[in-house]
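In C-alpha cells, the next block holds one chain alone, the form predicted alone.
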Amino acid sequence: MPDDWQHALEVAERAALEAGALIMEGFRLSARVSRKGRFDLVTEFDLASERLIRERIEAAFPEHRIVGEEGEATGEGEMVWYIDPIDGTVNFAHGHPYFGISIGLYREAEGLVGVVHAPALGNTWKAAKGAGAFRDGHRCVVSERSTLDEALCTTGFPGNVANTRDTNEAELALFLRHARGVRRCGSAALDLALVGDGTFDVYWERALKPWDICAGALIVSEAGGTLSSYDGSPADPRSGALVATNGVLHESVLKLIREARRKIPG
C-alpha cells in the first residue's frame, strides 16, 4: 500500500473514532432534531460530527476535495473524500444502536481508503486499496455461502417512499421468497461492512448518495466480495445504486433483481 494511502487511512480512522466519541455524548439523550424531508432527519450531532471530520481531513490534506452529507462540497482535484457523519440518523435519533460514521477516499470511481465506525456497537471496519479489509484489527473475508436459500441479505429503501415510484418493494418481495432472511437495518454503510466481514451475504439498494456507500463498497471489495451496478456492469458507488455480494451468489442475485424489475410499471 502506498505510504500516502496508509497515511490517509490513519487520518480517516482517527477522525472516525473521534467523531464517534462525540456523537455518543448525545446517544439516547435529547438531541435537537430537524427535518430535511418528511422522514429525513438531521441532528446537532450530525452537524458536529461532520465539522470535526472535515477539520481533520482539511488539516491533513488541504489539496483534496471534500463532499459531505450536511455541508457544501469544498476543494478541488481528483482526490475526493465522501463523508457521512451519521449514517443511520433516524436510528440514532430513536436510540437504536445501528448507525455509523462513513469516510471514503476516492479517485473518480476508484476506492482508495474506507472507514466505517459504529460507536454504539463498538466496531470499526477499514480498508485501503490493495491492502485488504479489517474489522477491529482482524482481517475480513466475505462468506462462502453458495445458494440464496442459505443467504442472509440486507437492503434499504428511499427516505421518501411515499413519493417514490421505484421503491425496492418488488425486489424485496422476491428476495423474501428465495433467501434465508432479509434484514432492513437502516445504515447502508454498516450493511456493506457486514457483507465484507461475512455476516451478510448480499446487499442491494438504490437511490443512495456517494457518502452512504463509498467506504463500505471498498471494504467489500478488499474483503474479496463482488460489486456491480444493477445491470451487472462495473460498480460506481458514486452512482447511488449498488449490488454487493460474496461473489459466489452474485449472478443469482442479479438474476433475481432483473426478474423483479421487469414487474415495475414503466
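The first residue of the sequence shown is number 1, and the count goes up from there. Because the structure is predicted, anything quoted here is derived from the model rather than measured.
Another form exists, predicted together with ligand 2AM; not displayed. Remarks below refer to it.
Scanning Gly132, Pro97, Gly186, Gly75 against ligand 2AM in the model of the complex with a 4.5 Å heavy atom cut-off leaves one residue, Gly186.
Ile86 is the sole member of Ile103, Ile86, Ala127, Cys153 with a non-hydrogen atom within 4.5 Å of ligand 2AM in the model of the complex.
Contact here is defined as any heavy atom lying within 4.5 Å of ligand 2AM in the model of the complex, and by that definition each of Phe157, Leu208 and Asp212 is a contact residue. Within 4.5 Å of any heavy atom of ligand 2AM in the model of the complex lies no heavy atom of Glu50. Although the partner is absent from this view, Asp197 stays clear of ligand 2AM in the model of the complex, with no non-hydrogen atom inside 4.5 angstroms. At least one heavy atom of Glu69 is located within 4.5 Å of ligand 2AM in the model of the complex. Contact with ligand 2AM in the model of the complex, judged as any non-hydrogen atom within 4.5 angstroms, is confined among 214-222, 199-207, 60-68, 227-235 to 199-207.
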